[in-house]
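Heads up, the chain below is alone and in the form predicted alone; it's given as structure tokens.
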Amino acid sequence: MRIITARRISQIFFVLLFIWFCMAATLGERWWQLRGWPVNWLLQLDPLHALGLWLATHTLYKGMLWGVLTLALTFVLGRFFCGWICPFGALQQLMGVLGKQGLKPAQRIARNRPHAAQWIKYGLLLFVLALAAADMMNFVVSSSRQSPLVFWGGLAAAVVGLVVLHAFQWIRMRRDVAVIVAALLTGGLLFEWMAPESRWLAASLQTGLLDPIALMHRSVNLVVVPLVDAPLKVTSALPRVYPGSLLIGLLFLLFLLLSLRVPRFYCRFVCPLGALFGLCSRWSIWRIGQAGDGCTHCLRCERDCEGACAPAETIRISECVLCLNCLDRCGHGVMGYHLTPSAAGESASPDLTRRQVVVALAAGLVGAPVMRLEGSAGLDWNPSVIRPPGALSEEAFLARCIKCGQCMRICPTNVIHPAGLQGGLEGLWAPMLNFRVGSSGCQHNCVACSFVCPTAALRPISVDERMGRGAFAGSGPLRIGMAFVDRGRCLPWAMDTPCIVCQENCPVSPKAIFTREEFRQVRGGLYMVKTAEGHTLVLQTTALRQDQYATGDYFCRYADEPPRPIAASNDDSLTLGPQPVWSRWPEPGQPIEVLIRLQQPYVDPTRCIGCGVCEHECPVQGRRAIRVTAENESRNPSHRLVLS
């Protein structure tokens, strides 16, 4: 079998596996639904998420250990993930194949020449890693204060290890870059040591915005699956809606279409994951290169080069995606995959200048503090941003969420959506609840999103914890927000119209929404009695409509007698129900009032869990008359309205 055929089989397999995982991320009991399928496996294979998560939280979620394995194999094989596994890379490669149809060899070679802009992806990588690692200095200083011996011993071992690696030339770093990095680290550590409570640097995990695996999951989950499944209704009985998915879909389509013009455009210029693999592949044991001096410079190896790594000359190892097209196209048997460096020379380091490194690192270090100036994660938090059940506190949540869209995909009621800028730039595409759309509110006995989250930004919770049962009875149910009645829009409060939809649909037991009864005279509801016969009052008017007041919500009141329900009404008469009994009846010419009974809703803050069923079912469309906000959420004690 040709090596190219093996690579294509691998790419097709992982693309199909990715599609299968997206399909299987459906809540249900059928064999193809979420029944233990490792739907997060490709995300967990991604070492950029693992590294970013470790830098931002100083912990590593166990599922992310798969990323460590991927990184270890990169040190052996090179960028095998890009060329053989990454489904987004495979789709771009397919687009590139379509785009080069009809081109002459010289044109194809010109498209695959190295480009100066390929440094951008390394700049983006440094930016997102610096953004995630900004809080690391505070962590290091805190650790040194708690255990100085362990800290200084570990630091000395790390320095000795780096010196040994550099002495044997296993790692190489330009002196000026090393000085800049050392100066930044030293300055940061000194500042944190002198002002430990300042917290001037904050961590923010933004790797998911540009990571190709998260981008694929987000795009397929929120755009492709809803589009394809809308007529088929396989994964959802109702068409799924995701506000903000237009931008996600356009970006996904744009990057694919750009590959028609420039093969693997995203991989070459944007992908921070590819940049990480590129930095690691410089130490790879096996590598692509020329085996001898038999190269005739025919450039056939560059006709289909996916990484633009210049295999015909000094090869750029960090750009090689192991597509192996050069091996297949070389007609002289010169190109090979072996243990020795290329005979034509290698360029292991990415083409980054000192200024580009400094700008990327500095922008990442100050990025989170600048974004936090908006206050969206602090004092100026937006109450309309309601996070799914199990969400950590806002700062911890933003330090873990990779915006993959898995929680949105699994949500059976389609109420979890990607946020726009409601939670600030830092929270772009992070999950938030929108109760206006979907098939219901957030079901209070559902914990699916917390179990599918690959980074524990939504920590796994049990149904008992969600509902406050069993061992969690003391702490009560988990609250994600609280409902508030808008009395200016509520039908019973503002429009004299009976409505108890929110109270009837409240799923909490005992109900969190209760009503208080009030009798209010209807507009123009004062009439003069003509005669009284039995339970029927004949009025001095003929302006009533047939059964106008016979809905069960209308009552008749005379003087200080209690209101009696109206059982029937004609154009000039009212027939009253038998109870309650009046002690006296109106005389001809005396007034009676027609009242409407209103059951005005109130919310009990000690019972409301913010599930949003009331908001979803509210008959006032558009801006609902009862709305849920993040107030009183359990995850943040400072947002609570009640002490318990």
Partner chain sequence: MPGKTPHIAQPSRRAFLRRLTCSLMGALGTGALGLAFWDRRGPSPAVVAPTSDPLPDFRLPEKGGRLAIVHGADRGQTLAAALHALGGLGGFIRPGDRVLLKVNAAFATPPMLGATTHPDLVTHMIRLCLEAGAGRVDVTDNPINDPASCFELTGIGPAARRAGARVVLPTEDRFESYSMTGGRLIVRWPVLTRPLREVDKLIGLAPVKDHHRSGASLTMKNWYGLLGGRRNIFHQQIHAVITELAMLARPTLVILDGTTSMMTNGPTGGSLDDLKDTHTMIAGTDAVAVDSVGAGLLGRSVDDLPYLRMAAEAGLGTVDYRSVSKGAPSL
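Quick caveat: nothing in here was measured; it's all calculated off a predicted structure. Residue numbers count along the first chain shown, from 1.
Keep in mind that the form predicted together with the partner chain is not shown, yet the notes after this line are about it.
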Problem - 4.5 angstroms heavy atom contact with the partner chain in the predicted complex for residue 551 - result: yes
Practice task
Answer for residue 257 alone: is it within 4.5 Å of the partner chain in the predicted complex, judged on heavy atom distances?
Solution key: no
Exercise for the section: Answer with yes or no whether residue 297 is in contact with the partner chain in the predicted complex, where contact means some heavy atom within 4.5 Å. Expected result: no
Handout entry: is_contact(residue 627, the partner chain) in the predicted complex, heavy atom dist at most 4.5 Å
Key = no
Exercise for the section: May I ask you to choose, among 440, 434, 347, 570, the residue with a heavy atom within 4.5 Å of the partner chain in the predicted complex? Expected result: 440
Fill in the blank from the handout: With the partner omitted here, the residue among 507, 105, 153, 341 that in the predicted complex has a heavy atom within 4.5 Å of the partner chain is 507
Exercise for the section: Work out which of the listed stretches, 304-312, 288-296, 260-268, 412-420, brings a heavy atom within 4.5 angstroms of the partner chain in the predicted complex. Expected result: 412-420
Problem - Residues of stretch 486-522 in contact with the partner chain in the predicted complex (4.5 Å, non-hydrogen atom) - result: 491, 497, 498, 499, 500, 501, 503, 504, 505, 506, 507, 508, 509, 510, 511, 515
